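There is one chain below, alone, in structure tokens, taken in the form predicted on its own.
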Amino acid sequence: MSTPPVVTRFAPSPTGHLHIGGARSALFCWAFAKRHAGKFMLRIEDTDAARSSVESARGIIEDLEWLGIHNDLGPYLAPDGSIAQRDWPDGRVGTFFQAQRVPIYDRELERLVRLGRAYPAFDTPEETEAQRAAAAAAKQTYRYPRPAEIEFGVFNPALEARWARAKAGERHVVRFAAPREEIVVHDRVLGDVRIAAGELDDFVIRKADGFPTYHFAVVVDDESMGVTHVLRAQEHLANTPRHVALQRALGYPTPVYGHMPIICNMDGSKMSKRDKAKVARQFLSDTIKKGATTASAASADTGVAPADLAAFLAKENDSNEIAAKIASRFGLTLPEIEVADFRASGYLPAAICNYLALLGWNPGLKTPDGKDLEKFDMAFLAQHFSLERIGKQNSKFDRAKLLSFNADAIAAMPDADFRAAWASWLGDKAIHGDAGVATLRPVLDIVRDARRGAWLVTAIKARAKTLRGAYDSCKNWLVRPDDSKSFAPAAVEKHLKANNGQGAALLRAFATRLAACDPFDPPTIHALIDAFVKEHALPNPGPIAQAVRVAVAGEPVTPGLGETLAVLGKSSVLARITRCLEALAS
């Protein structure tokens, strides 16, 4: 008899963007499956109808595919943009969206009832809440009191009558008749985790709306979809004894479990989507206290209703939508939490996956100089990943280290690959803050231009840490109007007016040389600068280079001057120098 293939799964709820911690879980599941020549599955757990959406599901699929975490089973984006699904060859799953699998859950739930291991409960929400309140008042842990007529493991007449009432449409939930025995979870990361007898209560497995709870659906799906290994964050460990108990009651085998360390902020707090709201709330609260704005003015400026903004500031909600509006209005940078945030900030997927792999795992290998091996690609991860090297302690998300990884990845890219990635990022308009289409489009057009794009990459890439950083470093001087009269005053004084206007005089002379420069490309311009320096006996290129930078960029900071001028083009450069000299004269 052949051994079934290793099957791992990543099963997000489509209630928002993919959290970076979820991406780490998906990456580990993918790597383990690949290491063992198995299959990695994506399943969408959308039984929370009020919070789930197709748009969120699509976003999660896009995020995973952008990261390079491609699934063997489950939904994916077809070439036409629609959501398609990869099933087993025999079509055993049918659909990987839980909301479409309710008949399967209903069949298994009825089987569990007839085994005497589940029962309908007809308490009203008010009655259940009163029970909880009574337990809290008595300082006791609340456990639902199993009706006396329910016999564990027996489909007796009383249970049959309850089931008939439920089938007839009377409002109810279905509860699992939990065993009164010790539950042991054999965890490949944490070791054996024991839950004492009587700790499990009769938890709900089907809600009043007819949808299964997470606990029941996940157990049925893992069995029917062939999942052999469940790798997830330690925050899910509290759920696992319930799942093991359900598996035993249904006669299912228990998959291998491995609970991975949680990803935290550097201060030890959990890395949460609420972090954005915390930052925006603190900023706006401080701004109001300083008198720089008022709540009513902020409401008008951000377009957030006064009542909603008041609730946000009072910590009554953690709306990321409100946080984004505050950030946009005040130029505030919010922390990246979701994959989409890092993508918008211009991180490379390879760098993100490389860094995420080190959050809770390491290959245990050394570089030739004896340091821990940290830089590797997805193929290396798939070849070397193992559960034995997953740690038990929480991991801290160091953004500075991720930025360093990304900068190194950019530096290692061939210029053509960087240019393609940069153009793709610009084209997707994946950008936050004050950059609108009017600013972005001219940069994109230059990057796409064969010659100018190559020159710009040569100028920018060496210092770029992210694709957004590359954009920010050039957008101002690239899109500056040729007739702009805005020049940094201190730079004008230092580089144009000082020493009886030495810089301005050099600029006039150099403009004549630029007008005759042909071809107007970086090597020719660099040679022209060198010749000009020698002709005027300058100690170094600084005096003329800084004067030119102030004239064409409004400030003394640009990339290499030859590339800067060549990218702008002769007519634009000469027009800007003329405007600068006119401004000095006036």
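Predicted, not measured: the structure shown is a model, and the values here were computed from it. Residue positions are given as counts along the sequence shown, with the first one as 1. Rigid core here is just the name for the largest C-alpha set that superposes within 1.5 Å across the two forms.
Heads up, the form predicted in complex with the RNA isn't pictured, but that's what we're talking about next.
Contacting member of 167, 497, 132, 186, with respect to the RNA in the model of the complex [4.5 Å, heavy atom]: By the 4.5 Å criterion, the partner-contacting residue is 132.
Listed residue (329, 452, 207, 441) with a non-hydrogen atom within 4.5 angstroms of the RNA in the model of the complex: It is 207.
Partner-facing stretch of 479-487, 376-384, 150-158, 212-220, counted where any non-hydrogen atom is within 4.5 angstroms of the RNA in the model of the complex: Contact criterion met by 212-220 only.
4.5 angstroms heavy atom contact with the RNA in the model of the complex for residue 468: Answer no; every heavy atom of residue 468 is more than 4.5 Å from the RNA in the model of the complex.
Residue contact check: residue 521 to the RNA in the model of the complex, 4.5 Å heavy atom: No, residue 521 is distant from the partner.
Touches the RNA in the model of the complex: residue 538 (any heavy atom, 4.5 Å): No, residue 538 sits far enough from the RNA in the model of the complex that none of its heavy atoms falls within 4.5 Å.
Interface membership of residue 181, the RNA in the model of the complex, 4.5 Å heavy atom rule: Answer no; every heavy atom of residue 181 is more than 4.5 Å from the RNA in the model of the complex.
In the model of the complex: members of 439-467 within 4.5 Å of the RNA, any heavy atom: Heavy-atom contacts within 4.5 Å come from 462, 463, 465.
Large Cα move at residue 382 between the shown form and the other one, threshold 2 Å, rigid core: Moves: no, less than 2 Å.
Residue 491 C-alpha shift between the shown form and the other one of 2 Å or more, rigid core reference: Comparing the forms between the shown form and the other one, which are aligned on their rigid core, residue 491 does shift its C-alpha by 2 Å or more.
Core-superposed comparison between the shown form and the other one, residue 347 Cα displacement 2 Å or beyond: No, its C-alpha moves less than 2 Å.
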